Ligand SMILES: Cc1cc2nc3c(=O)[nH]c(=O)nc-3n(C[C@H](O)[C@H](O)[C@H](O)COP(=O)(O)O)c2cc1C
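Quick heads-up: it's one chain on its own, the form predicted alone, in structure tokens.
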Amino acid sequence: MTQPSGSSPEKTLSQATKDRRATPSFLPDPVPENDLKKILDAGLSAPSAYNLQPWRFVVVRDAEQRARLRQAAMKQPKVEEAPVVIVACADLEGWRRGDLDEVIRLAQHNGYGDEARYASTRKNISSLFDSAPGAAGGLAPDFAVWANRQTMIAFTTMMWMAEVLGYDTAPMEGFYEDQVKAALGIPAHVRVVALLAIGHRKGEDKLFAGRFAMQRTVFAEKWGNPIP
């Protein structure tokens, strides 16, 4: 069984990636505020294209809220068992509703760039994300897909920080998005991307199921060339 955070040194990331399993059941032991803040800060420090940070996170700790969320998450017991469930979302309208202004304000505050750069950033982002997918010379992305990818980078960073701090985690994609939105009051223009349960596991860890060999999934220089 894992030890509470603070009773042993943090794991290295290489050890955490080796040890991590999706946790099937959790103890009710709470996650201290300082550890939760470290986990959240790690995710918010993740890289983001254009620094737009379209991610939003709902931290669910209240027992009644976790019970509601469990119903929306295909009644998975661990949603209610885990002391913390982070609901990762992608805000598809955030950049129009002040995020771009804040990105530029932060750049100005930190001395990153100049007025010409800020004007160019505003023009380029507006042009890119206002265009239909595939437009803008073929560069315009599907914004929902793009925001999902950005959010998953931050989500995964939170997961690894929790593991490094000695917690167990369960990333989940099994949920009914409309029900999660209703339970947590999430606006219609926001997409629910994934759920992350964090705590200490109850019982034995899952056995290692194995992973494909690198030569099966990693190629050198072009598709199909085996990496040495």
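Numbers follow the displayed sequence, beginning with 1. Note that the structure is a prediction, hence the values are computed from the model and not measured.
Only in words, not in the display: the form predicted together with the named molecule, which the text now covers.
Although the partner is absent from this view, Arg20 contacts the named molecule in the predicted complex, with a non-hydrogen atom inside 4.5 angstroms. For the chain shown alone, Pro32 is not a contact residue for the named molecule in the predicted complex, no non-hydrogen atom being within 4.5 angstroms.
Heavy atoms of Gln150 never reach within 4.5 Å of the named molecule in the predicted complex, leaving it off the interface. The shortest heavy atom separation between Pro171 and the named molecule in the predicted complex is within 4.5 Å.
Stretch 173-181 is the contacting one of 41-49, 55-63, 173-181, 196-204, since its residues have non-hydrogen atoms within 4.5 Å of the named molecule in the predicted complex. Looking at 71-87, the residues that come within 4.5 Å of the named molecule in the predicted complex, counting any heavy atom, are Gln76, Lys78.
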